[in-house]
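The structure tokens that follow cover one protein chain in two forms, given apart as structure 1 and structure 2.
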Structure 1
């Protein structure tokens, strides 16, 4: 009746109309609905200008080719954080009306998911070392080096961020300093810290700090080796040897092998920085895990450290960790 094969104008007009309708229904409509119904999580913070610049570096350097930012609700992802929610990405805005929202979700895990890397690895010095030479902190890493984000100088400026590399991994001569692009990228990575969903505690999972039921406990207790691998090994290394000049060894460390485990537990709970260990100063600060790990998990990782790599020290019970945590809180309250 319409003789599409004879009326080219009608044919192409119909095809164009169908294209526009499908674009609105499949792409534009869902995008507008998603933006209007998914608000940022209540406790999340907008990105700072520095972090936004870091996001641009993250995209420009192709980090999305190997890393994702979408934790799946499956067991292999449990050590990466809670499953991702739409509100996690509501702070990622379009850089301009004619530019699309930066693609950060990724689709391949050649490298680990980075959704919660700011909480899993909050040390800026670690990130800088990892960017300059990933093998310096993760011996089996296949990540390429991003050495163009750094400079080697004879005399660093007073406000320069000096990067301490272990022997054999840094430049042979001169001092390694981070460029502005490296610093903004690290600022962005450190900002990737999952905010808790409504109804969850600050740890993000509802199973920390005294919870009595978790999958690990129901299976017979947390696995200290797995917790160490996901939360500690990137700095202290899988063999407990640490990274010279950056992260102290746990193998043979007097605190780890001490008869009294109190100080060992305290350091894991509150972190440590600015103190010499066996006469050596380390450039990176250790974060505290009081809000990330519950008493059972801390006891498990403490026991793993105290009985591995040739260490042989008395182990602890979750009740011991609970008592130390309580004593630290009471001491903190009294000092206020």
Structure 2
């Protein structure tokens, strides 16, 4: 019958043809179908020029080797956002004749997933400090310092973005400024924020909503220390001391140690920026967590902050948070 072992022409043309057929079935066909049927989500914005340039830096510096942008519909990913949809990647295209479409999904999580990093950490100052030396803001980090994305100058130009590093982490002389590449990369990172799926309200895109059966809750309420570590410590630090000039301390802070917790809860819900605290101004803005943390979680983290690092202030109940949230919503509805 088949004389494969005697006829090299028959053997190797069969080997090639079979491979081509399987390739079309498992790779080229589905890729073509996916590319032509996947529309970007109507709720998503096209990438700006700046963000596209930032994506290029992201790829060239190899960020993809340690960071995924892929939320799977499974338990370890349930705090990262909603599960990724094909449409989330529909705007990622071939950047030109020399390169192929970037592989931003990633395959390894030596560092955290970045799908929603723009929502989780919207502060540009934080990202610049973190890129210049990650250990300045996350002391246990093993990420490389991307120092070549910055320049040290004697006198920064007027439109330059100056980066103020905490003591010991900045350059010895001169002023640290971000290069264009650093600024575009940060613009790209800030843009990483999942668009809500059609039919889902904006808040529904938030991560924690709907995860009513998280392990912490089953064990009798969420763990404030753990939420603090995930959502707060990158700026305010795990010892509550903050970073001088950039992120205020929570240890001994007048709002955190105040008898009435109302203002403390309000700041966590709506964020804060540009305010002098005990005579010091801070460069970075704090995002609001109203969409990301539910009442139980906010109460837990508020109580953690009020009872740690030597702080001992009255604690709150989830019902208090619910009431403050409601009052704030009514106030903002009235002002409209």
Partner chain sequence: MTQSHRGATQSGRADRRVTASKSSIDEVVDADPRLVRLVFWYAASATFWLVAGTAVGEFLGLTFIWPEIASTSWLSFGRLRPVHTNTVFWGWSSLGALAVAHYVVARTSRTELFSYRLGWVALGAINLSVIAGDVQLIAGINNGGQEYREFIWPVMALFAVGLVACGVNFYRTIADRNTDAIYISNWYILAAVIWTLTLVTVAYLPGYQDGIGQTIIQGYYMHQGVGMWFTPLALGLTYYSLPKLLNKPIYSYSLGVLAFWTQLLFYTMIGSHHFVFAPIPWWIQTVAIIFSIGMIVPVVAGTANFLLTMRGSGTTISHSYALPYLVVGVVFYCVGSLQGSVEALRSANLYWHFTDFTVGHSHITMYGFVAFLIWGGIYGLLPRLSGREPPHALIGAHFWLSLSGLILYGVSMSIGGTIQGSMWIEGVPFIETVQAMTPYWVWRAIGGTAMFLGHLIFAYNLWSIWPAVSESDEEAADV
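Between two forms, the rigid core is defined as the largest C-alpha subset superposing within 1.5 Å. It should be emphasised that the depicted structure is a prediction, and the values quoted were computed from it without experimental measurement. Positions refer to the first chain, counted from 1.
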item	value
Answer for which single form is the form predicted together with its partner chain	2
Large Cα move at residue 271 between the two structures, threshold 2 Å, rigid core	no
Residue 81 C-alpha relocation of at least 2 Å between the two structures, rigid core basis	yes
Large Cα shift (2 Å or above) at residue 14 between the two structures, core-fitted	yes
Between the two structures, how far the Cα of residue 23 shifts once the core is aligned, in Å	2.7
